[in-house]
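First, one chain by itself in structure tokens, the form predicted alone.
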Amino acid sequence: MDDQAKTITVTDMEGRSVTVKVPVERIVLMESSKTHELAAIDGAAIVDKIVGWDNDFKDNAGDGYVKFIERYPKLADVPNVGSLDDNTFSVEKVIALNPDVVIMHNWEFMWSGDATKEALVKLEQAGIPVIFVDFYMEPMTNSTKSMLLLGQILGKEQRAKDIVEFYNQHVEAVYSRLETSDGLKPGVYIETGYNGPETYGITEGDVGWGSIVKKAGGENIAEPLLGNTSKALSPEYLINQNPDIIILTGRNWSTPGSIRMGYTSTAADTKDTMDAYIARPGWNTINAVNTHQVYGIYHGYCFSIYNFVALEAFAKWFYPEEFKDLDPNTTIREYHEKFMPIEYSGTFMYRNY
């Protein structure tokens, strides 16, 4: 790596040309759970480079936050600059932190368009470059591009390439087998298990989870209704569609009744919270429930480089004979051993029997 700081111009995932002093030493990170991606590329050094972030990591991905804080207590002192999606984002706080770059995400235009545009203008006027990455809008295409972009600005291009090579080996192995599969595509429903069983959570059309379902050879029952948007389906629509497979996402959310998964959850935690979903009115008439094809997946896999593990899990669940030798748990453990500064633990994939 060149020890001398220099300036480069990169193209971010919004197609913007951004000039950045590299390697960046001071980062404000929006959607702070992306600490995982930065740490995979830059290792423990990233702890001293994140000078500001939002509350996403602590509030929405607390299991991962706990793992990182245990290993790197200094991260607990990183200032919170607020969030764009709840109008708490403070440009003034960001400017005061004097970052080399602010890392944002393409989805922020979808969920918080006006706030994102306003923040972008103010930060650019202050001379602070903003780079957009994307692990959600087109996850199976843009996640690797985003990692390479992060590798560029961190001065760790080879490390990012190594991660992308590992990723590509796994996704291409799935795609090549699917090309030769002549099995019927299963109808799939996937729901964010955030709200508790009483309220249906959002599902995705051809974006986020929905796009991963499609890449793994499933028929996303929500796509004809939602296109490339996300929202909750009605119970009547779901029951009428009668999916072959149901996937519920879990995390370490604080909402009552939400599905528990992640670094600090056991399989028993996941089962206890998922069973209440399966007992919803009318679900006893759905094929997926009657054939025990109800699964859990860690919600963070939808927005991160870890989506290749979700792809493997989905392919295995959709086509169990074709992928019977595939073990996504081994894959994610190997990824941690190769690239992550924290150890793999907990429950990230689950089948309800």
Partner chain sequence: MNVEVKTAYKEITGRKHISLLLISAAIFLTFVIDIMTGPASLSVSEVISTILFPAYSEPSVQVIVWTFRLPVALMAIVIGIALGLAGANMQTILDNPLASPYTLGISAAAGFGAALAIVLGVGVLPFADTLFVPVNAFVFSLISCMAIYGIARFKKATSETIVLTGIAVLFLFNSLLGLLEYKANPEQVQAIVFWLFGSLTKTNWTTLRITVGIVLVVIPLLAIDVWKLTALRLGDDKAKSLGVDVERMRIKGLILISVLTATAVAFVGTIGFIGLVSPHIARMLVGEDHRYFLPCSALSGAFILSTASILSKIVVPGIIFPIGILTSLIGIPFFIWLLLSKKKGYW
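Numbering follows the first chain given and starts at 1. Please read all numbers here as calculations on a predicted model, not as lab measurements.
Only in words, not in the display: the form predicted in complex with its partner chain, which the text now covers.
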query	finding
Partner-facing stretch of 149 to 157, 67 to 75, 249 to 257, 96 to 104, counted where any non-hydrogen atom is within 4.5 angstroms of its partner chain in the predicted bound form	249 to 257
Site check T11, I27 and G127: each within 4.5 Å of its partner chain in the predicted bound form by heavy atom	no
N60 within 4.5 Å of its partner chain in the predicted bound form, heavy atoms	yes
Exercise: L225 in contact with its partner chain in the predicted bound form, heavy atom 4.5 Å	yes
N240 within 4.5 Å of its partner chain in the predicted bound form, heavy atoms	yes
A232, heavy atom within 4.5 angstroms of its partner chain in the predicted bound form	yes
Partner-contacting position among F132, Y167, Y194, Y263 - heavy atom within 4.5 Å of its partner chain in the predicted bound form	Y194
Partner-contacting position among D275, E92, D86, D114 - heavy atom within 4.5 Å of its partner chain in the predicted bound form	D86
Its partner chain in the predicted bound form - contacting residues of 178 to 216, heavy atom within 4.5 Å	Y194, N195, P197, E198, T199, Y200, I202
